[in-house]
Every structure is written in C-alpha cells, then in structure tokens.
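Each of two forms of one protein chain follows alone as structure tokens, named structure 1 and structure 2.
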Structure 1
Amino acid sequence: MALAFDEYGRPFIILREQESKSRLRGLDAQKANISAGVAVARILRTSLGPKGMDKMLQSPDGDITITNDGATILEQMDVDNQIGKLMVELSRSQDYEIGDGTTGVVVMAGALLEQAERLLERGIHPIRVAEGYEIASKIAVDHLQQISHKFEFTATHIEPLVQTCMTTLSSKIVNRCKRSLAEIAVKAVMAVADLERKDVNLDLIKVEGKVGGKLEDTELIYGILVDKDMSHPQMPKQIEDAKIAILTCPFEPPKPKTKHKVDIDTVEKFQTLRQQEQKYFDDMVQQCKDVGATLVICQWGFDDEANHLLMHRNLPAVRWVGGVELELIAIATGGRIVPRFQELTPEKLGKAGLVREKAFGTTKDRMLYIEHCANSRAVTVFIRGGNKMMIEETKRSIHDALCVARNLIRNNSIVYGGGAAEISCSIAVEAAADKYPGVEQYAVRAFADALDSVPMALAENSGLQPIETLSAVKSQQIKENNPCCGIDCNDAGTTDMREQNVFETLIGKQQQLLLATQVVKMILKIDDVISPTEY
C-alpha cells in the first residue's frame, strides 16, 4: 500500500493521514467511476427526444425549475461525486460550443461507459478500450460527414432553417407552438447574421420574458425592449423619430475622483456655490437639448431637480438602464455611448423610428419598446407565458433554437435526426470493426453498440418496443442503404426522417461524439481515487 520503508527500516510517508482517507484502486476505481457516470446519464436518459419527460429541480432556496434541457438539469443538480461533475462539465461544454444536444451527449457518454465496463470485466486494459473508442469515433465522425446533406438557404428562403429549429424545439414543453417559435428564432438570427462571414453574434439577440398572456403572444421585436419606464410620470409615452442621447454620466453634480473639499466660510461663497449648482443642472439639460436629442437614455440616476428640468424642457428620459442594454441600444440605433455631457454631438445620437411605453396586466409593469431603429441589427425576442417556470423554460428553448440556427449559418450541413444518424454510424463502425486486428476491435464494436443506445432511448421514451423498433430500423437502413431511417417518435407512420422533416446540425452531432469520447477516455484512465473519508 502507500506505506514504504527506506533502507533503515523507517516508514516513509507517501500519503498524509492515510487512515482518514478512503482509497479505491485498479479495477474497483474504474468500476466506481463508471457507475457514477452511468448514474448521471440515467437521470437524463428519460429526457431525450420529443416524448422525453421533464425534471423538476428545487434549488437550495426553494425555487423551482422545470426543464428538459440537459445542461440546466445537470448544472442545478448539486452533484457531489467527482465523476458526476465531469459529466456536468461535459454537458456544459456542449452547451457553450453548440448550444443544443446537451442531453444527447451525456446519454452517449453513459452508454460508452456502460460498454467499457463489460470490456474491462473481460480483462481488456482500459487504455486499449480508450484507444478503440478513439478509432471508432473517428470513423463515426467521418461517416457523419459522408451522410450529411448540404442545403441551401438564403435570406428569404428560410424554410430549411425553420425545420431544423423545429426539431430542436419539439422536445421541449413549448412544442405546442414550435412552428411560430422556430420562425421567430430563425428570423432573429437572420436579422443579426453576417451571411458573408457566416458568423452570428448571439449577443445581439436579447431574450426578454414577462409573465402573463400566453405562449402564442411571444413576438420578435426588431428593436430593443427595455424593462424600464420614463423617469418622470408625466413624460410622453410615445416618441416618433426619436433622436437618442445615450449617456453613461449621471444627471448629478460632478464627483471628481480625487479627494477634495470645498470649504464654505463666507456667505458669498455659499451663494455662488448655490448658483453654480443650479447652472450645472441647467447646462446639462441644455447640452442634451442643443444637440437635438429627443430622448435621453442614461445608465445612472437623476437628481430630482434635473428630472424636473428634463420634463420641463420636454425631453423624455429613461434612467438606470443596464450596461448591456445600453450597448444594445447603441448598436441598434447607431448611436454612440457618450461618457460626458461635453462630448455630446449630433452625430453621436442614435435614431429610432418609434419609442413607446407599453403597460401590461393589472400591476404597474411597463416596458419601453425602441423600434424601427436605424440599424436593425439588434433584435429582441419577447416571451410571454402562463407562469414563471414556463417563461424560464421557453427562454432556454429559444436559446437552443437560436444556437441551432447559428450553427447552420456557420455550416449548412445537416444530418437526419430521430436517431437516424446514430444508427447509420453504428452500422458503419460495426462494419469497420472487423478490419482492426487486436484488442481494439472489441472496443470499436462496443462503440457501435453504444451508438445504438441513443435511438434505443428515443424509442423507449416514445413508448415503443426499443429492441424491436431499433432492429427494424437498422435492417431497413442496410436493406435500402438509406441513412435517413430513424425512430418514428411522433407516430407519423413513416421512419423516413426526410419526410418527417427531422434534421439536426452536422457539427452538433460531430461535437457530441467527440466530446463524449473524450470524457469517457478521461474517466477510463483513472485508476486510483483518493478521497477524504467523512468525519
């Protein structure tokens, strides 16, 4: 064990306080790790696919989240196990990189681990298993590239994009109006996309939610929505052809950063100071007015006096607007963010066709719409829904759909969903397995089996006979040499995913396989787990 003796027979401390640590080595360690990973995957397995179920998560503060999004579930799950945390990381990196398929990647990793356990029991060295997986994943990724289709879309012909987004949304609770949401997501992405460079800056899309109304009322606003109202209750609620001054300085007397004191020791000084103060407010408002601004949006607060002066001079203003929103407003209206009143010039003003305030419901919730902007590159998706959890879940779903649309603009290759891509890869890997001499062959074959588990889970969640359905589809794929056959989750009567219009992005799928393989490799390489025991 961790106790050694030097040449004089004295014990040698390798591990401090050995007794208080529990230690797992060799096969035991690997098995423990694998079972932890599989346990995490098992939680997510039932969330896969259009008929997947949701999970209800209660946070330490008692707030409820109901979701179907793998990354969100794992993030809020409070996992303590180290391997469990690795799986959480896995799903998170898929979320960062692709945005969709966060459940699938964990299920895939779980299946790979399950298969690895069997191989380990047969006495195959974990590294050999890992290498076999590596080979197999390469085959699968190449195969995906082969069976992928490119489809053309233009700014006006967005149907294929909408179809793909619908596939993503169909597994969420919002699938009731997936069509309209998918259209919103695609239009939003197209509005901000740079089709030349094939790049989309998702930061330009703001997703705002407000409880109340119904899901169908969700809309796309070509402009910005700010959850603020006018600083003075009597300012006009609607401004046409607004010229917007975007300020990051408060309407307050200056506060120099160097320490200073103004000493008042005579009556004259007191009076001059007072006049200066008044003049200061007056100047600030006048400066805004002089450059021709008809709306002031400010990051900071206003003094009461300044507020009244603004109102008095008929200059509507909005205060306490967050930094991110300010930037978006600047982008949308083509204005510049001005840090000092002295630097205000007419060129730095943003322009918007219509700014209006809208009230919701019976409470005094108001929001500010800034529409018809000079540069409509910034858009807002405004979500309505019956309750708070619904809004949150819709936000997550929209985020997924936006990511998918973005990925398609970057790379317009798609593969077929509903497990079709996995089954096709599994067949290809299985066929390639025999070519490898040596132990790796088994690992490659195991990889093929693991690939099957995704369509299997889909079938299971849809209430179909998993083995029966999978074997039927598989044989159909081989017989017809058609990589579009998948699991018919929606009971539509056909297994051809082309007809059902179920698409997924190629990069999303490839990334799933690569990430899952990497994490599994990492887990398999661990042969010693040292952890402090409980006390």
Structure 2
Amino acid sequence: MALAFDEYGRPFIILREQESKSRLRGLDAQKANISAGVAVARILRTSLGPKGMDKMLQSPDGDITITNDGATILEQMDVDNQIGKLMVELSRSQDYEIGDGTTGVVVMAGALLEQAERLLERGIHPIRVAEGYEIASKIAVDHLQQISHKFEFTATHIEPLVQTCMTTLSSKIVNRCKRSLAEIAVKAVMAVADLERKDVNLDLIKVEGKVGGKLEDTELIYGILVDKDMSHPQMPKQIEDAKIAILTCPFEPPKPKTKHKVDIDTVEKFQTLRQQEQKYFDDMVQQCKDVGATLVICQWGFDDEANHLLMHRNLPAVRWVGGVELELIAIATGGRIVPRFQELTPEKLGKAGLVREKAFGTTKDRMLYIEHCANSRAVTVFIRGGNKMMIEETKRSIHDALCVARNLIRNNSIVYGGGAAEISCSIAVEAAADKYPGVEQYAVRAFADALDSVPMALAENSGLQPIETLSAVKSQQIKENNPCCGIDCNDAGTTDMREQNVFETLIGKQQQLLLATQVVKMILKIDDVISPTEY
C-alpha cells in the first residue's frame, strides 16, 4: 500500500499496523464476496423441495442436529466469513418474519450473486447491476400479486389451510404423516386465532415432545401439558372440575432477609419453634382450602412436611412448574398468579374441567394434562417420535406449518408452488426487460435467469433432467398462459400445481424475492475488504 505524504513531505500513517492487515480491492473484493455467498447457497441447494436431502450437523459439545430447515442449518454451521454471515442473517430474517421458505431465499440470493459475477466480468458497474436487480424485483413482486389467488376459509371450512400446510410439510422428514400434522397445526392456530383482527399469537401454542411412541401418536390437546407429576405419589391422579391455585410463593416458613441466628437453650424453646413452623404450614394449607382450591400449582418446591400436610388434607399439588408454563396455565384456566398466600381469593382461582396425570410406556415418566379449560385459547401440540432428533425436527416442521397457517389468516392470498411462481415471474421479468434502455437491461435479464434456479434445483433434487424439465414447463406456461405449471417432483403425472394441491403463501414468496435482492445489493456495493491477517 502506498505511503501518503503531507505538504512538508513527511510520511503519515493512514491505517494502523497496515502491514499486518490484508486488503482486497475492486473486482477482486467483489468476486471473493460473491464466491463466499454462493458457497453458502450451494450447501442449501440440495435440501430444497420434497426430495431435498437433510443435513447432519455436530456442535462442538457433540450434540447432533439432523435437519432440512435452512435457517437451522445456517444457525448451527458456525460460518466464519462475513459475507457468509450475511446469508445466515438473511435466512434468519425470513424465518422470523414468515417462518417458511428459509432454504429458498438463500438459494435465490446465491443465484443472483452468480449472475452478477458474469455481468461484472463483462465490465458492468456493480451499482448498475444492483439497480437493475431492484427494478426486476419490483416487477416480479407485482407479478406475484397478479397471479395470486384468494383462499376463502372459515372457522369450520379449514381444508384450504390444511392443503397449504401440507405443502410446507412435504419437504420435511415428517412427510409420511403430513396430513395429520397439517390438521393439528391448523386446528391449533384456529383455536388461538383472533379472526376479526386477523392476528395469531403463536406464544399461546406450546409444542411439547416426548421420546417414545410413533409419529402418528402426535396429538393436539385443548389445554396445557406440564412435564411434572403430583408431588406425593398417593395424591389423586385425576381431578374433575378442578379449581386451581397458581402460586409463586414457596410452601415454607418465611425467612428474614437479614442474617440472623436463633439461640435455643432449652427443649421447650425448640418445641415452641417446631410448633410455630407447623402452624405456618397449617395456615398455608388452610388458606388454600378456605378459598376452595382443589389443586395447587406452585413455582417453587415445598419440603416433606408441607407435602405430607397437603396429602393429609386432600389437597393435590404440583411443584417446580416453570414461569412460562405458569403463565400459560393462568391464560388457559382464567386464573391469576398469586404471589402471597394472604392474597388468595376465590376469584383468583383458575378452572379446568379435567386435570389428569398420564404415564408413558414402561418408564416412570408422567405428565400432567390440564384440559377443558375455562378459556381454551391456549393449546399444546404433543409430539411423539422414535428418538430425540426426530422429535426436534418434527418441532421445527410444526413451527413452519404453524407460521404458514398464521400467514394465511393474516393474508389469505396464495401462489402455486413447485417452482411455478418463479417460472411465471421469470417470464414476466424477461418480457419487461426490453422496455429498459441502457445497461440495466442486462441486470433485469440476469434476474430472470436467476429466478429459474429454484425450479432447476427442484428438478435436480428430484432426479429429473434439470434443463430439459425446466424448458418444457416454461414453454408450457407460455403456450397455455397458465401460471400454475411447475416441476412435477412427486411424479404425479401432471405439471399443474392446482391438481397436485401445491400452494405457497403470497407474502412468503414476495418476502423471499425482496430479502434476497436486498442482500445481493448490499454485497455488490462492497468494493474494499480490510481484514486483520491471521497470525
């Protein structure tokens, strides 16, 4: 790097320790960045679509994750390159906003970068490429709006929602029972949805998993599932019309906050102290009984004496229930969380039609079901599976399906999947390219070519001839002017995605195009990379 001199001829330093820094400038920097982004996209390319492969990732402490979800793969991958990290952020933002399409958005960005590299080699300025991409993405998003269909559904007619969730689940490992899982996801969302405000609070849906059983045993519980059992083995295992006291105070004598010690020098004093403690416990249990509680759920533990007393007084109790679960129980049963025994009143109790304890298999695992609640707006999806990895992956798949159902309630427009929407956009963008004089035209055409990469990857992963299949579908779309023709991944014998019931949400697809374009613009604008060298 050349030294700079001031007006008196004295050299001065522009960068500190510049000899220990590596620097890439101009086209080299752009090419290095593009190849880093493309490398990340290539990893995900093979896990796109119903025939996509899964990835197995091992964390530093030996935990193994097997997944098909783009966001999870990139989160776990521990990418070191800065541009690679941008791709990770890209799929994360798609996951947060839409919840689905995390693989497709990275594949799309990778394709845009590959096309941009060719344009840069021809000597087109990166800003012009970025502007062309911006124009093309606007055309594509508008075109998606035109080819989208409204899906009418009601609280009783939920078939359209189920079909769309099945499309999401078909690319996951759980696709053999995607019908039942899609129905569970839709029913869960409909149970907590506010259809007037078109809003869904996904926090009210708890997803709980337990190893054992088979995937088909997965169920939806209109209530709360707590991974705890009754504190005393002889307490009743089933309580009907339960009135629940939800406490965040421990069942033990109060402890002063200051440091203290009690001098006991006679047996009588010790007896008095013991009786005093017993009286505390007695009062606590009595207060719970007086307000009419038939079940106590406590955030803290209680010692054996309290446990014995509760058993003695026929007051079943559950201890060590986490804060989040307590909140969900309070929402579901319509109770209030009570911080002090003195504040217990009958109207603060939660009501549930049935509280039962259920054992699983031959193990001593027991769980508590709280069902038929006063307010059924909190539900639990309970997943069973052969091993821990299967359950984790099913949880991620269910999360995607829940997000898709939520997006459809917010905005009930859909486009056709299987690459049909991308091919249709590609044709529209290609046709619009001729209207733009100047260099942007090349970039708009490149965008159209990049859009073809998603159907191409779908065909590749399904074992079809990629170029042949793509061109056949494309010519069919142009000939019939039918934006529903896509890649026939499942060998159903038809390319019409309406017949195959392959749908995707419109906002999900639009978000994919917008996010991918933004990230690519950002990468193209970097022309100087200064990084400390490795010692």
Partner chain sequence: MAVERLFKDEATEEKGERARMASFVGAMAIADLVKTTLGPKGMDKILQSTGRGHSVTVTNDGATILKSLHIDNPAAKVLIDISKVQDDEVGDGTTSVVVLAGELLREAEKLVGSKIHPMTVISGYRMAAECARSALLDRVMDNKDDADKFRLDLMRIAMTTLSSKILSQDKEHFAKLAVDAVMRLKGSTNLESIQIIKKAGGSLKDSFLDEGFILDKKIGLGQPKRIENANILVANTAMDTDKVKIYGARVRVDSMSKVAQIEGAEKEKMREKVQKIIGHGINCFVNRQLIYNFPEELFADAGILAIEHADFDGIERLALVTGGEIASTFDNPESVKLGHCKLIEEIMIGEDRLIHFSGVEMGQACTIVLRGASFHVLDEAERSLHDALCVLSQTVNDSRVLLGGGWPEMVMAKAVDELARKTPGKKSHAIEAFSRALLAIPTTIADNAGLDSAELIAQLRAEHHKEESNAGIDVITGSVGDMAELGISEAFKVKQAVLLSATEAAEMILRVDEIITCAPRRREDRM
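Please note that residue numbering is based on structure 1, beginning with 1 at the start of its sequence. None of the values given here were measured: they were computed from a predicted structure. So that the term is clear: the rigid core is the largest set of C-alpha atoms that superpose within 1.5 Å between two forms.
Asks: Of these two forms of the chain, identify the one that is the form predicted in complex with its partner chain.
Replies: Answer 1, the form predicted in complex with its partner chain.
Asks: Rigid core superposed, CA of residue 264 - does it shift 2 Å or more between the two structures?
Replies: Indeed, residue 264 is displaced by 2 Å or more.
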